[in-house]
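In the block that follows, a single chain appears as structure tokens, in the form predicted on its own.
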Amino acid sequence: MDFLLHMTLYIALAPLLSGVLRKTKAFLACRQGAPVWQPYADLWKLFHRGIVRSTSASWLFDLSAPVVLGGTLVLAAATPLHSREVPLPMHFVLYIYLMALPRFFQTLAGLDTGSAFGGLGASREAAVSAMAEPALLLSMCGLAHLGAADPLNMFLSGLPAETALRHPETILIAGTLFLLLLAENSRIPVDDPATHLELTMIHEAMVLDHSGVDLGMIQLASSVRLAVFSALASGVLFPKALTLPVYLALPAALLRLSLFGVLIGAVEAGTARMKLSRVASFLMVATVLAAIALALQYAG
């Protein structure tokens, strides 16, 4: 029952997070925008369409979309959302490697069809992932040290119960995770998911050859991945929310994800997409923040 509740929450709330994000961007741009439930309608439409595959694609391309969605759901099963108890507890090092698995198969799919834009997006995606890995590893090490545990759910539940303002290292780690959220999910300022110019695409260039159910699985996986990062960052800032009773924890989880959707939408509405040459500096800032947080912890 706990497993079904946990996974149902992620799958049900992830498109809502994307809808709140888009609605916030539209509101701040003085536009009406699509309703918050539009991502649900898009997924319904894609899952009821047929699949068109390139004649040059191999079995790797056929396997990529299910692996991307399955790997992302495994991450969701290991990430606390409404409770510190998760269906699949795992060590944070294994968690980091599983984060790379969907990206690896998606990169292979972008290269497999032989498309110029697919290869371009795959190379950029691999570069961004490599530059983000040090910051992710340092932030996880900082959380494990702060929570005095190795499994992801245990060190989140072991975080200090006081307000995060009393612990500067917690704020620094949360800031690092938010920067990584933007980079790992191809959001502005690292990438623009709404762009239609292939030469500037990163994530969207890799999925140009996907259609129908395959594209629906990839879009659902992207929404769940965004929800996973949002739940992780909000769990660092509000560890008490993971210890509430169920009747309070479910609305709290919805509120936390909605707040992060508004925050991401506000950041995207107020910033522009940076040059690719500046992405390294952006992720270097995240790495430095995580390193400072870890140094503060070891300094006592």
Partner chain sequence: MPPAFVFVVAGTYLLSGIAAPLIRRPRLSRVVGFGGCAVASFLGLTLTLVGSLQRGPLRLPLPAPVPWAASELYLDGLSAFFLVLVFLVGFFASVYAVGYMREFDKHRRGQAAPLLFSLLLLSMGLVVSAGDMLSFLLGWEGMSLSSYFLVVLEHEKAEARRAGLIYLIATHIGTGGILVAFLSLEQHTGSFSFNAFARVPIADPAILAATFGFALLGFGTKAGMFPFHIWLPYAHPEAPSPVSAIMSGVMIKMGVYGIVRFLFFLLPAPPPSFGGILILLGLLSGVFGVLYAIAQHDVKRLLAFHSVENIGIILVGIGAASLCLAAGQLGPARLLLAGGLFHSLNHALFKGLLFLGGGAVFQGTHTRNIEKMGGLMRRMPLTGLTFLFGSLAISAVPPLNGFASEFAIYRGLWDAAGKGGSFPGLLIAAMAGLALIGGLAFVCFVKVVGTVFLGNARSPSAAASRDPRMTMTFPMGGLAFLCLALGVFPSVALDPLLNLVPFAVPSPPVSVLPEGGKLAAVAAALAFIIGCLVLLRFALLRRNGKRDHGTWACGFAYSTPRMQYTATSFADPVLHVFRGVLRPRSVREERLSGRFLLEMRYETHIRDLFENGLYLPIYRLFLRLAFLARRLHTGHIHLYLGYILGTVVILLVLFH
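Values in this document were obtained by computation on a predicted structure and should not be read as measured data. Positions refer to the first chain, counted from 1.
We do not show the form predicted together with the partner chain, though everything after this point is about it.
Shown alone here, Y247 lies farther than 4.5 Å from the partner chain in the predicted bound form, counting heavy atoms only. A residue is said to contact a partner when one of its heavy atoms sits within 4.5 Å of a partner heavy atom; R103 meets this definition for the partner chain in the predicted bound form. In the predicted bound form, the partner chain lies farther than 4.5 Å from every heavy atom of T271. Put simply, A122 is close to the partner chain in the predicted bound form: some heavy atom of it is within 4.5 Å. Contact with the partner chain in the predicted bound form, defined as any heavy atom within 4.5 Å, is confined among 233-241, 55-63, 34-42, 255-263 to 55-63.
Residues of 255-270 that come within 4.5 Å of the partner chain in the predicted bound form, judged by any heavy atom, do not exist; none qualify.
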